[in-house]
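Take a look at this single chain, the form predicted on its own, given in structure tokens.
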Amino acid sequence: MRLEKGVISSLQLFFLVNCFIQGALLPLTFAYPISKHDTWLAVIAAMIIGSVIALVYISLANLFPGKNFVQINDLIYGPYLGKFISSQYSLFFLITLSGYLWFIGDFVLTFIMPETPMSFIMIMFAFVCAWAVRQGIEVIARMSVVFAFIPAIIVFITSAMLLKEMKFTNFLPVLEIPIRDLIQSTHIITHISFSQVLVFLMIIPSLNEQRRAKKPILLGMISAGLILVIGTLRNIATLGPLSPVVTSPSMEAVRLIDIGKILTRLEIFVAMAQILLLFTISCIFYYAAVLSIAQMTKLRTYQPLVVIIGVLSIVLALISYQSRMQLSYSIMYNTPIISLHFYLVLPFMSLIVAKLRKLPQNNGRN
């Protein structure tokens, strides 16, 4: 039984994925200290690796059309082991949501509203996300159509305005860093952006033509990935050796724009655009968390869980991280390793088990 009656088009799915990947431009800050001026290479490598991993997710969705991730786990592993695996993903969605709430609270506190309590920022942001999730996936998808264009346009315009400030010698020498650092940076970027497309296994059943999920997902990832590459090139060419040490390379790079003493302080537009993207990402994880829990507990609707999950995510965000340094260390060294279990090991294993059990042929009887 489908708990979500909303239906989205392939174009809307494309923009959802595009927003989802574009939102990694600010979190890319965690990769700069490791790969430095070669971060753009790490972004390209992460885009390629993430696209390959996404094919596994798409294959799972195509094997079980009309089924979300919780239902797929039940069909592959049985009702008990399947529920156990799905509960891990529900918790993972919730923890990821809390991480984004903390990140957006810290970002707004640092660059926009330094006198505002961080807890108040997170509560207000979670409240708006909860409203969107209650409206359903159709509303989130319609908003993403607008939200995808605004940050992309800002990246292109600010890059053009900063041409006179760019020094392309900042990219030299290429591949100066040790290869292990490039691999680690690629892993971090894959974790915070491309591999998280797994969450769309909870959304694909709402697609009006489910067999056509492959094209919008891959095109959304690649188009947004190219925007990430352009933004990263802009930051490195403009800031040079400062890019690994500043709090936010994107904000600091755009802050240098000064055209006739009129067009200045344009970093506020970057901030607002990224907030829109982080809002979309948070809504998607919020939606996946409430929908997966409702599916496992066999509720008729996920609506009663929206407020509960919102409160839990805020509490979890407040107790999980005490400082930006702690969050940075976790994202750079801990969560990429832990996430391999969710983004790589379990999906690959699920696809292999489904193939061995020939579940597409037995799907009707299951």
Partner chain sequence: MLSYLLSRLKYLKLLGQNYKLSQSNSTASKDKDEKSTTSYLSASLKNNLNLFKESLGNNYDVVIREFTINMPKQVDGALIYLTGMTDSKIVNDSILKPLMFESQLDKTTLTSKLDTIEMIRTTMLSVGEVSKSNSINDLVDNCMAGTSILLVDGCTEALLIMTADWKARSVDEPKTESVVRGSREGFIENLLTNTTLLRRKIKNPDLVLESMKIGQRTKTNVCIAYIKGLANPSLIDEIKRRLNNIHTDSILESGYIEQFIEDAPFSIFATVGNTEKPDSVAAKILEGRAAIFVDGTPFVLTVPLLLVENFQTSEDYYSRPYFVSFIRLIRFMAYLISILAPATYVALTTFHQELIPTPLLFSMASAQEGVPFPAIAEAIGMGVIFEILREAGVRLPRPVGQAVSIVGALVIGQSAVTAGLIGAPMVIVVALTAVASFVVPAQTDSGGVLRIVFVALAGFSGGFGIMIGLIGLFIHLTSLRSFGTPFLSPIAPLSVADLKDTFIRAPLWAMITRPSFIGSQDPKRKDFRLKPSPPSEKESQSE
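Since this is a predicted model, take the numbers as computed values, not measurements. Residue numbers count along the first chain shown, from 1.
What comes next is about the form predicted together with the partner chain, which is not displayed.
Contact between R211 and the partner chain in the predicted complex is not found at the 4.5 Å heavy atom cutoff. Taking the partner from the other structure, the partner chain in the predicted complex has no heavy atom within 4.5 Å of any heavy atom of L172.
Although the partner is absent from this view, S87 stays clear of the partner chain in the predicted complex, with no non-hydrogen atom inside 4.5 angstroms.
For I112, a non-hydrogen atom is located within 4.5 Å of the partner chain in the predicted complex, even though that partner is not displayed. Although the partner chain is omitted here, in the predicted complex none of W40, I49 and L233 has a heavy atom within 4.5 Å of it. Of the candidate stretches 218-226, 197-205, 117-125, 288-296, only 117-125 has residues with heavy atoms within 4.5 Å of the partner chain in the predicted complex. Only one of the listed residues (M161, V245, V139, I153) places a non-hydrogen atom within 4.5 angstroms of the partner chain in the predicted complex, and that residue is V139. Distance criterion of 4.5 Å from any heavy atom to the partner chain in the predicted complex singles out I275 from the list L182, I72, L94, I275.
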